[in-house]
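Here's a solo chain for you in structure tokens, the form predicted alone.
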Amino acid sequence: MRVAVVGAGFSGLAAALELSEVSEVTIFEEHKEVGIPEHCTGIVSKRVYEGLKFAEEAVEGKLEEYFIGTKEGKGIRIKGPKGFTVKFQRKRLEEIMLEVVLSKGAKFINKFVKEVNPKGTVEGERFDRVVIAEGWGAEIAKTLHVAPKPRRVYGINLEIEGKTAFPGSVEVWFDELLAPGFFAWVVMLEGKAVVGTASEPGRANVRKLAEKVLEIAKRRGLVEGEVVKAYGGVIQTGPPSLAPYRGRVAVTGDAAGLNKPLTGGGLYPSLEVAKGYKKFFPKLWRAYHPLVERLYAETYLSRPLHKGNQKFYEKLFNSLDGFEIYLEEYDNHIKVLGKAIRALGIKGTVKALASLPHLFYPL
């Protein structure tokens, strides 16, 4: 059977990799090269890394400890096993993925696709199945009436070359002044750091916010060095489309809202769906369930942290300061929440709950 994949970002390439083992794949991509424009931090779980080991060359470092709290350093620490999470250089990762999928016999056509219909026709050419991986704009998905309606923020990364205080660790700060409607981050690697933040549309200049985050990180001694690159883009925080398919066409990646709502990460959901394509082929629709239902539920668990006011953040993380949690799960945030509650115990959970009035009634 012939399958068309429209879009050669991570989601499209993941789909092409899996589908090339059960069908003849043709990839349509508007750019002459993959991995552009660069926008993603590139942190994935150990599970995703295991599925991408052929791209070891693109690994920039492994991250095994996360601090989640305030910019002053008050909060909880999450520790994981060796290789708990991995940071990829996204452009190189996608270049390698394309090399592998082409070695499996797939075709790559540099062409901007405007029209796809439910019968599997792409710009007048008929295919047995079509996978749309066009990105967050979802123009084709909208014409098919299967596009999601997610909440979006705009994020930016500043890449710094220099020393870091704790290579292999990440700090995540919830602060409504530094990251209105989201969170800020400091990713520390050997000889390199990625500092970033995000904001709801119209609320702030994210470049200036990122520079403030970097200033604080330097003042606390977390990062030394100069900015060598800046990149960013839209981050989606759910909910996904619950039925991102119509007729012979399936939609994946940002175009389907396949993002982890808390972090905005899209690599894990896209890879899971791609594996489902191969498993259930040619019944592509079966690849989405129960994943999209879980992502939908996670959306409403994530909103309080994203939308909290400063008093809530201060009360929550000051009360939990010093707690350490060991987790092996990174992708399923419902499981993560359950394990975190058990790890905090009664005392920690009561302290966390005591901050909730400040979420709904700012003082």
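The structure presented is a predicted model; accordingly, all values stated were derived computationally and were not measured. Each residue number is its position in the shown sequence, starting from 1.
The same protein also has a form predicted in complex with a small molecule, omitted here; what follows describes it.
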Exercise. Considering only heavy atoms, tell me if residue 41 and the small molecule come within 4.5 Å of each other in the predicted complex.
Key: yes
Quiz item: Is there any non-hydrogen atom of residue 233 lying within 4.5 Å of the small molecule in the predicted complex?
Solution: yes
Quiz item: Any of the heavy atoms of residue 323 lying within 4.5 Å of the small molecule in the predicted complex?
Solution: no
Practice problem: Give a yes or no for residue 31: in the predicted complex, does one of its heavy atoms lie within 4.5 Å of a heavy atom belonging to the small molecule? | Solution: yes
Quiz prompt | Which of 209-217, 97-105, 283-291, 129-137 sits within 4.5 Å of the small molecule in the predicted complex, heavy atom basis | solution = 129-137
Quiz item: So which of 148, 80, 180, 265 gets a non-hydrogen atom within 4.5 Å of the small molecule in the predicted complex?
Solution: 265
Quiz prompt | Three-residue site 6, 90 and 111 fully in contact with the small molecule in the predicted complex at 4.5 Å by heavy atom | solution = yes
